[in-house]
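One chain is shown next in structure tokens, namely the form predicted alone.
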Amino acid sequence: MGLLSDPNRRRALINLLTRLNAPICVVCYMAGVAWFMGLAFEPFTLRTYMSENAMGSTMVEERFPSGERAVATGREFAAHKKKVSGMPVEWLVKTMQARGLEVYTQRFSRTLPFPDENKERYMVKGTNVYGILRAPRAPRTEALVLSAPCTPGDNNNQAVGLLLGLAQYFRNQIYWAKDIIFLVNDHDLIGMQAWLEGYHHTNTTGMDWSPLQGRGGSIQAALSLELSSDVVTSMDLVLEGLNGQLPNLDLANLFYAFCQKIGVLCTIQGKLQRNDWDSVSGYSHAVQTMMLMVMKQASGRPWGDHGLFLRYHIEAATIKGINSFRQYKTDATTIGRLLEGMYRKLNNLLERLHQSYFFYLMPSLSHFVSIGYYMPAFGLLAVILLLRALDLWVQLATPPPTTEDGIADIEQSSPGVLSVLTPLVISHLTGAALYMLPIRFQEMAVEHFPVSETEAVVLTAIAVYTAGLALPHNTHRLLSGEGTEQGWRVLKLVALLYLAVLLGCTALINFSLGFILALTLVPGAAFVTPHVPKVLSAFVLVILSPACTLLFSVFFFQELQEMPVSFLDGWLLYLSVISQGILDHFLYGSLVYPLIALLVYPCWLLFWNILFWK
């Protein structure tokens, strides 16, 4: 405190920070990147452990015996689905009723803002079927959910069969203290969104759905089951939900504990756990796993049906059965026992899962990185913006040069308000156009150009984004003449503080997205001035812009998945990611698209305007 309260010491500290500003910023950036890369090194991580006392032991005896019968039921479901070319609603209702459940259906429909070419749908109509197993030993105020999406083709038929097999087995047990809801949702995420809105009496997306005729208690936890083939070699845990939300870490710990107990091969991000952490290949494997989680979380999209539960404060995860490790094989009975064990432990909960972490990264299922370890990496990047803002503040506080008569140069010392306000307003108007015009102009674009609706939306977004590079260009001169030297400093000071607050708020909600944006935006924001070489600096700024960051992320994500693509395929995938991001916003409420369009892009345009300040 003495250092800050003593004017002489405070002045000395400020002089030191301003004199060594650039070297300190470079060191902070390198330290932030090094800190983040070190998070995957096993000695720097924490071992997972069960925090919830009610789930602290796996000492339950799993007895589910009906794996073969569940497989046969899955084949029967597949035959009826093929016969009706969709969800076999009547068959599902009869089958669930035969197993002693209270069965209800929900119809829903949704017209997409533009066609989803990835799944070839525009006007979506479907029916959800769910059965409720009432708790025999409790007042039915709480519930658990087990869901399986009905997907086109032969995918996930065995998951529905296993769900029905578990329903029949659970019906004969007397220890349930919570209602258990068995849900088969149509049209994957859209059907799940309709069911959750109906269950909680909300309508946040404008979807049409029929009210639910039957409800259970307050949902405590949920699992979504997906089996990609009849042969399952390992179980993969998917955690990333809408807007980067994650379930309580105890849910992942529960999955890992029962996999270890039963002997099921388990993975996260499709990656097996390795024990050779002290080798280069072991560390690289952990970095790859952690970076996959970061990229998925930063996308803001739900990576499974569980992702929509998290917005209702329901801890949920998706368990995927994958067929990738040929030397192993897991039968339906073993998977059923895994789910039985997890639900029996969730049945013991006396309150919602809250003891463990909600903010974490996982380089493996046995280790995690808590928020206290990964936030300093972001802080080292964000402090660069504050240091540069401090440097500008000191420059602005320096008395202006005086003329021979001893009169201060007013033009240099007092930039016009409009010279700073105009770029701010026009940049944000450009961002608003980027947010609204792609959807509103799709019909006009289809009429005048030979493109589909989806292509029209994506190309309009790219056109508005590109046009934005010219619209705010030197806008400070529109109302106040030539810009002053002090004018760009004031504008950059405002832009730096704006970006620091924006990235800080983003990182608190979605660390991965905030860190990736900081990694690319901070260098250009820190060192751009009107006096640097224009062509080279403009090229660097464009490379570090939000659009190019997304393009590089697409190729990087494919490399992490060990599925590299050519430039042409990567470009097509990039266009698909843009359309999917816009759809996710209008369908499920993903915030990434409005965040980029309305806040991040206008903020970047301010630095673009500073570069060409005259």
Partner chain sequence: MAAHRSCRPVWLFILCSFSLFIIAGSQETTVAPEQHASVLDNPQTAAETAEQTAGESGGVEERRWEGTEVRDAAAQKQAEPAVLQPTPQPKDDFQEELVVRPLHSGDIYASFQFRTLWETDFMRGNKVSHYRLFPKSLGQVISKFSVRELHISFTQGYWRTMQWGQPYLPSPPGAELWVWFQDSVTDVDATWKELTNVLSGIFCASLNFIDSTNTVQPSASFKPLGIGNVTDHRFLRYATLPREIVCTENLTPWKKLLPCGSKAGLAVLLKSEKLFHSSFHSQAVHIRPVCQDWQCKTTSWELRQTLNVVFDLHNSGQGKREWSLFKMFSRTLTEACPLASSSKIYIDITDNPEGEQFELSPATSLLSQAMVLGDRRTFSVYDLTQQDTFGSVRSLNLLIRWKSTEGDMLRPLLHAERYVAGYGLQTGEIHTLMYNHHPYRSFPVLQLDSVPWYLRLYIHTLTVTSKGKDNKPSYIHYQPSKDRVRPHLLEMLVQLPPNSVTEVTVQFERALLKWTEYTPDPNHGFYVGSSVISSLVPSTVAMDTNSTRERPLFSSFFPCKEESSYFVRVYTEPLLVNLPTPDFSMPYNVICLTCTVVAVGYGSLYNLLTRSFQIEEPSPGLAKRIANVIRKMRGVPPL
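Residue numbers count along the first chain shown, from 1. Every value quoted in this text rests on a predicted model; they were computed, and no experiment measured them.
There is another form of the same protein, the form predicted together with the partner chain; it is not shown, and what comes next is about it.
Proximity of Q97, P136 and L350 to the partner chain in the predicted complex is complete: all three residues have a non-hydrogen atom within 4.5 angstroms.
Put simply, of S109, Q395, S370, Q173 only one has a heavy atom within 4.5 Å of the partner chain in the predicted complex, and it is Q173. In terms of contact with the partner chain in the predicted complex, the residue from H80, R140, K125, H428 that brings a heavy atom within 4.5 Å is R140. Just one listed stretch, out of 282 to 290, 111 to 119, 304 to 312, 460 to 468, contacts the partner chain in the predicted complex at the 4.5 Å heavy atom level, and that stretch is 304 to 312.
Residue contact check for R440: none of its heavy atoms lie within 4.5 Å of the partner chain in the predicted complex. Using a 4.5 angstroms limit between non-hydrogen atoms, Y104 touches the partner chain in the predicted complex.
Within 4.5 Å of some heavy atom of the partner chain in the predicted complex lies at least one heavy atom of Y199. When the partner chain is considered in the predicted complex, Q273 lies well away from it, no heavy atom lying within 4.5 Å.
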